[in-house]
Structure formats: structure tokens, C-alpha cells
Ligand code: HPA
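Just one chain is shown here, as C-alpha cells, and it is the form predicted on its own.
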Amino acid sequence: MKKFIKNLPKAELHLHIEGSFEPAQMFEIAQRNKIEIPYKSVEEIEKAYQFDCLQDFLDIYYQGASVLITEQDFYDLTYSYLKKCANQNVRHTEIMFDPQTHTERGISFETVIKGISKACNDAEKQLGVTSLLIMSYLRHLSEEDAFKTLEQSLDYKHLITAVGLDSSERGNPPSKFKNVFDASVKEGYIPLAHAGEEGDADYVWEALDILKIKRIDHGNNSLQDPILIQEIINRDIALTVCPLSNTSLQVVKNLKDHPLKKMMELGLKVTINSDDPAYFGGQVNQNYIEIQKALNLTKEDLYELAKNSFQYALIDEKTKQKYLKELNIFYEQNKN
């Protein structure tokens, strides 16, 4: 089954580029930029990657991001992740980035976007991995701050496909960002949002009805409300589920209790993703491997999950069909 997963063509739809920051690379870039971090070795950083909740993780996540200063830093971070995609048969990835994490500490929007997008362009040419960018607003900051980020992004609209909403969910409902999402859609961005990870089903309703999102990031707590489940199905909206993230942050105590299989049985369109792989114990293939083992998923289940990842990607129909054809050929040759 591991070989099947490794060779399975797939897309990753829920990935924070700052969360792909491996300890060794963080240490290297910190030294390159002569930035003091509270760890004397790679091993010390690795030990710090233990969390009891979302906030524990966010504290070290922002600390790690603070060593990113130059366009080259953002390029190196992104290209390193895209090389891992190529090694895992991830054919397409949709990368979230958090401009406010960087602009708040004096790094220009231009530095961030140029470094990331150049790596994406190079990876498509050199590795054959396609990608697009999702600009995420930080929900623990104000809507006014999000509007500043929207304004900063306008000169680079051609490099950004969608907007998202991430960071601390509790106490920061989607409705807090209604106006900036309306303005973002007017600028041509596709609306997405994290909802139902730590927040209740009400947050998912808000994301759907107020922000009018086209895809739900996480969405675990949608299962609290049978009417919501049916609504998500009726609207044909996918969930970008992140199994290892859910256990790392105690959203789910044990992978054997993960709702992914139940979601599929209810008719929800689910995808598997790594979220912040450097922090949560594995890239996307490891998420497939661990959840397959925990829930005893079949090859047909895995094919369905990979198919959803292409079907609900924000790519043009021609590219989508190309990837789906590749997946179908692989499955027909390896399903027995």
C-alpha cells in the first residue's frame, strides 16, 4: 500500500509555505541572516515541535518565520517544499502564504511574493510540478489589517489566485472578515477559509454564507450539524482535511478516531493534505500512509481522495483533465 500511495498522482490543496520550514533549513537561514533564535541546534528546534493546541503551534510557527528576510529566503523555502512534492508524485499544489506574518516585521510584500512565485515558476519548468498561490489573512488580526494586505497585493494580482483565512480560529469568526472578503472577490480572488478546525459548525456556516467560500479548509466540526453536511454536499464544496495536523493539535486524539472515512461515507468530498508538514510529522504522502493504516482505507478510497484533489483544485479544466487522466491510468494499472 505504501508503494501505491507513493506512486499515486495527487494534488495538495492545503499547505502553508511557512509551515514547511524544516528545522535544518530554519537553522541554516537564521545563521545566514545572523538572526538569534532561542535554539542552539537543529535537535533543539525539533524538540520544540511538540504542541498541545493550535496556539502552542502558532507561537513557534511565527518565531520560525521571523528568520525569513530576503527574496532568496522565500525562494529557498518554497523550492525546498516543491522538490518534496516532485518526490511524492504531487503533480499540483496550492500554496498558502501569510503576508502579514512578514509585513508586520518590516519585510515588504514584494519580497515575499517575488521569492515564492519565482520558486513556483522554476519548479514548474525544472520539476514538472504546477502550483498557484493563496494569500491568507490572519484572523487574530483586525479586518483593517487584512484590508492593508489586500491593497498591497493589487500590483501582484496576476500571481495570486485566491484568498484564505487562517491562524487562531476561536474567537475570530469568519463574519469578522466579511467586508475584506467581499472586496477581495471584487478584485478577482477566489474565497477560501479555514473553518471547523477548532471552531464549531457555526463557523463553517458563516464561512459558507457570509464569506461565500468555494472550499473549506479542515471542516472537521461540520459533522456536528447534519443540515450543514447536506448543504456542503448540495453546494459541491470540498474539504481539505489534514490528518496528522489534527492529531498534533489535539483536534482528534487518535487517528483511529479521525472522521475522514465517515465524511466520505456521508458523501462529502474530502482531500488529504499536510497543512504544516515540518511541524506535524509528515508530508502529504505520510498523511496518506498514516490515515490509510489507521482507518484501513482501500485503494479505491485512496483513488477517490486523489481524484477529489484534482477535481477541486483551482486550475483550468484542461490541466485538470490532464491530471485526472494520468490518475485514472495509474489506478487501472495498480488497483488489484
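No experiment lies behind these values; they were computed from the predicted model shown. The first residue of the shown sequence is 1; numbering continues from there.
Quick note: we don't show the form predicted in complex with this ligand, though the next part is all about it.
Only one of the listed residues (48, 58, 289, 35) places a non-hydrogen atom within 4.5 angstroms of this ligand in the predicted bound form, and that residue is 58. The contact residue chosen from 184, 245, 222, 93 relative to this ligand in the predicted bound form is 245, the criterion being a non-hydrogen atom within 4.5 angstroms. Under a 4.5 angstroms non-hydrogen atom cutoff, this ligand in the predicted bound form has residue 197 among its neighbouring residues.
Of the heavy atoms in residue 167, some are within 4.5 Å of this ligand in the predicted bound form. Using a 4.5 Å cutoff between non-hydrogen atoms, residue 215 does not count as a contact of this ligand in the predicted bound form. Not displayed here, this ligand is kept clear of residue 10 by more than 4.5 Å at the level of heavy atoms in the predicted bound form. Heavy atoms within 4.5 Å of this ligand in the predicted bound form map, among the stretches 58-66, 23-31, 265-273, 291-299, onto 58-66 alone.
Contacts of stretch 1-24 with this ligand in the predicted bound form, defined by any heavy atom lying within 4.5 Å, are made by 16 alone.
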